[in-house]
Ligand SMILES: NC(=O)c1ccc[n+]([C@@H]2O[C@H](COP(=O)([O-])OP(=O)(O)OC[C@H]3O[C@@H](n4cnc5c(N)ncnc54)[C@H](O)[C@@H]3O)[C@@H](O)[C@H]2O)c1
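So this first bit is one chain, no partners, the form predicted alone, shown in structure tokens.
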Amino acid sequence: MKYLVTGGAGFIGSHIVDEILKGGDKVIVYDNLSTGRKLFVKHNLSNKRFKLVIGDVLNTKKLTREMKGIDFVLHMAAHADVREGFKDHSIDHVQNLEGTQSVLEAMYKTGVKKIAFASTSSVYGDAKVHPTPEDYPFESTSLYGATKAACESYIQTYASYYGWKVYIFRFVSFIGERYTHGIIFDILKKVKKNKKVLELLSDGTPKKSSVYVGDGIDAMFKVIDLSKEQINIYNIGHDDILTVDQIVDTIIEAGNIKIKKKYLGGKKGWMGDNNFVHLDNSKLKKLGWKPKLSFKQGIKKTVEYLQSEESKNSLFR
């Protein structure tokens, strides 16, 4: 098999690449390195089954050239800062929807018929059912979530046109090694700037769920190996849920930090945020998957990584 991973030098994408290479297959990483890091794939540069292409998915001509001979596309490239869409109304549309349409056109032109797509729990918005199942309607509260929902529709339409096989993964936040943004990163960055008072955007009560990246990658490939429908849509989440206050306390404990917390906001930390994120994983569990690490264990491993010399030198400046 020969895979192409868009965003393959990013946090999740680079772990996917490692898994592909571990299985003996070939992989092309296609990444513009805007948020991805060459550091995350440098250990594969000498592998003859690995190729790094620096390119933007919006460059359909270049992407099409690189996609020739590919069996399977894993489309992980996206604009991942959910908050930014409130101020910049075009960035999610361009980076997520137009970028995905470019990937689909390149697949069409080269005859690739399999795609896995990184969607998000944000498509559900402030869901009223918890845990939230895959058949819950889209109620996005962010342009990030709205464009991901649109991407899902585009992918399913191309699949209907051309008989493609599709895997759509609605993630909660992944955490772990190579993590580059999100609450754990933000907390440690704030602590670095102010060692006395930690100012937080919410009132500490929002509830969240996250999955350790190794467990999330296992879930993705279990679905790809075992789910046989033409359109395969799966939540990837965790049964564990923590309040923001509990998450912050776990970060502080794991990092051996002494600081005073100060909550500034209410039920939402920022425009577009969701107050309660908890996905129903029962469909995924039927395939035999369950996470190996708890939410708190995942946080601790992430803090350990972010406090490592590698992270300090490359990300955490």
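Everything numeric here is computed off the predicted structure, so don't read it as measured data. Note that residue numbering follows the sequence shown and begins at 1.
This protein has a second form, the form predicted together with the named molecule, left out of what is shown; the following refers to that one.
Student: Even though the named molecule is not shown here, does it sit in the predicted bound form so that P133, F138 and N281 each have a heavy atom within 4.5 Å?
Tutor: Not one of the three qualifies.
Student: Using a 4.5 Å heavy atom cut-off, which residue among L33, L39, I252, L52 comes into contact with the named molecule in the predicted bound form?
Tutor: After the contact test, the surviving option is L33.
Student: Select from the listed residues I155, V172, V73, I187 the one whose heavy atoms reach within 4.5 Å of the named molecule in the predicted bound form.
Tutor: None of the others qualify; the residue that does is V172.
Student: Looking at 242-250, 106-114, 192-200, 176-184, which lies within 4.5 angstroms of the named molecule in the predicted bound form, counting heavy atoms?
Tutor: Of the options, only 176-184 has residues within 4.5 Å of the partner.
Student: Can you check whether F11 is within 4.5 Å of the named molecule in the predicted bound form, heavy atom basis?
Tutor: The answer is yes: F11 has a heavy atom within 4.5 Å of the named molecule.
Student: Any of the heavy atoms of Y144 lying within 4.5 Å of the named molecule in the predicted bound form?
Tutor: Y144: contacts the named molecule in the predicted bound form.
Student: How about I28 - does it come within 4.5 Å of the named molecule in the predicted bound form, if we only consider non-hydrogen atoms?
Tutor: Result no; I28 lies far from the named molecule in the predicted bound form.
Student: Flag N235 as yes or no: does it have a non-hydrogen atom within 4.5 angstroms of any non-hydrogen atom of the named molecule in the predicted bound form?
Tutor: Looking in the predicted bound form, residue contacts with the named molecule do not include N235, since no heavy atom lies within 4.5 Å.
Student: Suppose contact means any heavy atom within 4.5 Å; which members of 42-57 contact the named molecule in the predicted bound form?
Tutor: The stretch 42-57, when checked against the named molecule in the predicted bound form, contributes G55, D56, V57 at the 4.5 Å heavy-atom cut-off.
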